[in-house]
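We begin with a single chain expressed as structure tokens, specifically the form predicted alone.
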């Protein structure tokens, strides 16, 4: 178990909060403030409890060198709007000047320290750098699940030097993930899509023993279809992974987990929006065509499976969702899962960049139980790995 803000005495305390401010920017401005808004609940709760929030974050990969283009300074105005509190920026994250600056900020203010990765000690989890960070606060709160798979100074090291707990975003994420894969209500279905089997080997290996069914989509499905003797034409397919796909199917069979592949597919001769397409059997793609989406019969099958399930974990689209009409299967399946979730019949947790983009594009994401923007951390959690930033809070 891990502690939360509710377990901590924060009155009069300097509260170091690790957050994720690694937001997309263009021409010096923030183009998507989702991660900034996600900081609000924790910051406001710390302020209400009488603590002084001191935000630790990274931006980009400066590799221990001070890079002006990766400073957190340009985020201040957007952060103020997102968290509804005054923000005072300090152009470093360790040292006497930083300590003095923190002391000068009044009680209702929020302190934002400069990019922790400007110091090489951050990614090395250097004990001396951890000690310097620890001197700035009395309590440590980790609210950045998206960085929890990294054992860095501000994501893992600090938890060993002072009272530590999960922030509201981290708490919500961990509770959602525990409900989905820790002690889930069964049947549990995993939807796994994406381009390559090779990038999801550990994921599939772990899920085989944890869920009841794995619905495979995207380019990955082509490799599994080929492993079953199907013709896949010019489709994206890892022919060198066919034996591996067979091994995964064998492992799943032994564990009582059903691997679900499309029975029909949508094929086209060119990969572009609006390309002429047709629905055919998944076992018989013409030599000059490519599989770009699951077909309507496959979608109907997935929808039926969702109706019988209690929990769905989703990572990866079912087809080439970026271009129409090859987003149809992903959109239809997502809307079905969302409708069942809204009706209280299904718990749905999804994560990964492409996944969240696809579900939001379909309009279904808003009704999922939980959408994780964590990317690598979400994938490693699904793979069954221990996340250092989470383990340190236990």
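Note that the structure is predicted; figures quoted are calculated from it, not measured. Residue numbers count along the first chain shown, from 1.
Beyond what is shown, the protein has a form predicted in complex with adenosine monophosphate; the following relates to that form.
Q: Exactly one residue in 136, 320, 285, 214 has a non-hydrogen atom within 4.5 Å of adenosine monophosphate in the model of the complex; which is it?
A: Answer to the contact question: 320.
Q: Would you kindly say which of 309, 292, 289, 230 lies with a heavy atom within 4.5 Å of adenosine monophosphate in the model of the complex?
A: It is 292 that has a heavy atom within 4.5 Å of the partner.
Q: Do residue 105 and adenosine monophosphate come within 4.5 Å of each other in the model of the complex, heavy atoms counted?
A: Residue 105 lies outside the contact set for adenosine monophosphate.
Q: Using heavy atoms and a 4.5 Å limit, would one call residue 155 a contact residue for adenosine monophosphate in the model of the complex?
A: Outside the cut-off, so no.
Q: I'd like to know if residue 219 sits close to adenosine monophosphate in the model of the complex, meaning any non-hydrogen atom pair within 4.5 angstroms.
A: Residue 219: yes, in contact with adenosine monophosphate in the model of the complex.
Q: Would you classify residue 236 as touching adenosine monophosphate in the model of the complex, given a 4.5 Å non-hydrogen atom cut-off?
A: Yes, contact at 4.5 Å.
Q: Which is the contacting stretch out of 251-259, 312-320, 112-120, 84-92, given heavy atoms within 4.5 Å of adenosine monophosphate in the model of the complex?
A: It is 312-320 that comes within 4.5 Å of the partner.
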